[in-house]
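Quick setup: one chain, the form predicted alone, written in structure tokens, and binding and motion questions come after.
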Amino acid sequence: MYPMSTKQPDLTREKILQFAFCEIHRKGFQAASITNILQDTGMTKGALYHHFPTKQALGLAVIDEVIKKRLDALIFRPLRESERPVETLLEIIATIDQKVPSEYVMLGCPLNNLMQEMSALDELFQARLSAVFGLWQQAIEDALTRGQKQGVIRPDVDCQPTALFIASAWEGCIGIAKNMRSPEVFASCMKQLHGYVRGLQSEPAVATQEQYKGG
């Protein structure tokens, strides 16, 4: 059997989404220009509106099909699939500044940017953005909960609000680094968050990690 090729309409839709994401990330949703997106993609307005009948529909699709998928690949899925989720969480936090392009810091987190811009203006945006952030919080909460069952996280840790704090602090680190236009600030801030998560661990787990690092 020959491999199935991706249908042209699917390629067209994906191309529009990727260029729309870049335009929105650079300028924000309200200032994003459909004309610029069409120029970048080389497509007609009819082709764009065939897939996305309104600018709002395009923005919502960017949230669901670009931003959420990128976060899933970078954070949610690795935590979900890890047998040692707390170690994985610590590794992601420790290396995230190396895994994202420098423009990510300069332009800010796409999710947080849209939350700041659109949540008070559009209920559909607010719901979609909250849902993605909820997945982020849930992924961390599940990692901490499983860590507790494995004896890695202290039993006194309340995993739900702790996960909310970690996800919120994570976004805050990116926001401050964007404002200061400094990848170094982002790395420093995430180092402090890493220390906070390590502080949630039980003493035997911390001792084991230190022993491992010491060879």
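Start at 1 and count along the sequence shown; that's the residue number. What you see is a predicted model, and the numbers here were worked out from it, not measured in a lab.
If you look for the form predicted in complex with another copy of the chain, you will not find it shown, but the lines that follow are about it.
- Remark: of stretches 147-155, 162-170, 47-55, 33-41, the one touching another copy of the chain in the predicted complex is 162-170 (heavy atom within 4.5 Å).
- Just one of V100, M115, A94, L71 comes within 4.5 Å of another copy of the chain in the predicted complex, counting any heavy atom, and that one is M115.
- In the predicted complex, at least one heavy atom of Q137 sits within 4.5 Å of a heavy atom of another copy of the chain.
- Interface membership of F133, defined by any non-hydrogen atom within 4.5 Å of another copy of the chain in the predicted complex, is confirmed.
- Of the heavy atoms in G175, some are within 4.5 Å of another copy of the chain in the predicted complex.
- Another copy of the chain is not shown here, and in the predicted complex it never comes within 4.5 Å of any heavy atom of I75.
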